[in-house]
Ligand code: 5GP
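Single chain ahead, written as structure tokens, the form predicted alone.
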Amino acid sequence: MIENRIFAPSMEAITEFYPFLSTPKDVVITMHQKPDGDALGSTLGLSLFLRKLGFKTHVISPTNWASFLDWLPGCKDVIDYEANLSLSEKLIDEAAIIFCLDFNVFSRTKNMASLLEKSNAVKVLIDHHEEPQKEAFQYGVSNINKSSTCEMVYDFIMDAGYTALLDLDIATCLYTGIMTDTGTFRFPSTKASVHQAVVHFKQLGLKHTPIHERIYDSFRETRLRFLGNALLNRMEVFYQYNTAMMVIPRSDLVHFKTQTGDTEGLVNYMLALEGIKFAAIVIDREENARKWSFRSKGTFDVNRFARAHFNGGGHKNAAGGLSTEPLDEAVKQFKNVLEQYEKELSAPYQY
């Protein structure tokens, strides 16, 4: 289960952390802001596992999260940092160990970043994004070849020798993150190891249908109407670049009363268009920044694209970014940049 592990030079390998598991301590487990299924699933799965070892754990999210994840085992105990500043700061200050899951740089924890950087706790990274902030962690694993952080937490439990402690609640959390981050098992990151983990979960009694229904069949009416409006009125297709773009103004967010999680996955719909290899969505969500999400099929590297032009990054086929310009200027910048990639995007499709 340790195949293709990639370690940043200044971090000790995660295997060197295993001895810490024999001595329970106070632990904080955190994730990136606006956590998705992988972020919440991995932190909750790890928390439930550590509690079985006698650790006192606290899961802290930098922000709120989508309500369709509230059913996850242990989610009711997750602390929203922005809503519980004093408590969160106290727990971070008292923690002996801080696990950092599903993010590679502290800036992805928004207002928690400085607290984490200043903490004297032992910091442990478990993540699958490119170019981690390697100097910030004492122990960790950063493996871009893994499907999800949830798969990596599963490996952590198995490789540390605690197979017997994996139970249905932990499996449910980890399955949720694996399933969502692999696009329901269709992305290239879905290796044999993913299916082997799912077999293990099923043997523990996991029922996958209710999980899929809670994630994908729990839309509010306003969310579905928002989706329809976005596809009908906010999408532009550039066939010469095999690219589609969606522009969501703040007025749409207000009109359709969008909530956290309502825009999640929206960018993926455009990849369903025949011939489209690159999809981008920009959302005018914040006062000082416009949020970009990029997705691709085949060899087009959106991590490289986001880092080069939109102050972002992520994975080869899934990345994000930010623009500080007004929405119309951000869109103009994207269209101008797109021209630089015409040859690459118009080339025959390759897996």
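As the structure is a prediction and not an experimental result, all values here were calculated from the model. All residue numbers are counted from 1 along the displayed sequence.
Omitted from view is the form predicted together with ligand 5GP, to which the following refers.
Only one of 50-58, 64-72, 22-30, 288-296 lies within 4.5 Å of ligand 5GP in the predicted complex by heavy atoms, and it is 288-296. Proximity of residue 134 to ligand 5GP in the predicted complex: non-hydrogen atoms within 4.5 Å are absent; the residue sits far from the partner. Though the partner is left out of this view, residue 129 does reach within 4.5 Å of ligand 5GP in the predicted complex, counting heavy atoms only. Although the partner is absent here, residue 319 lies within 4.5 Å of ligand 5GP in the predicted complex, judged by heavy atoms.
In the predicted complex, at least one heavy atom of residue 311 sits within 4.5 Å of a heavy atom of ligand 5GP.
Interface residues of 87-122, taken as those with a heavy atom within 4.5 Å of ligand 5GP in the predicted complex (partner not displayed), are limited to 108.
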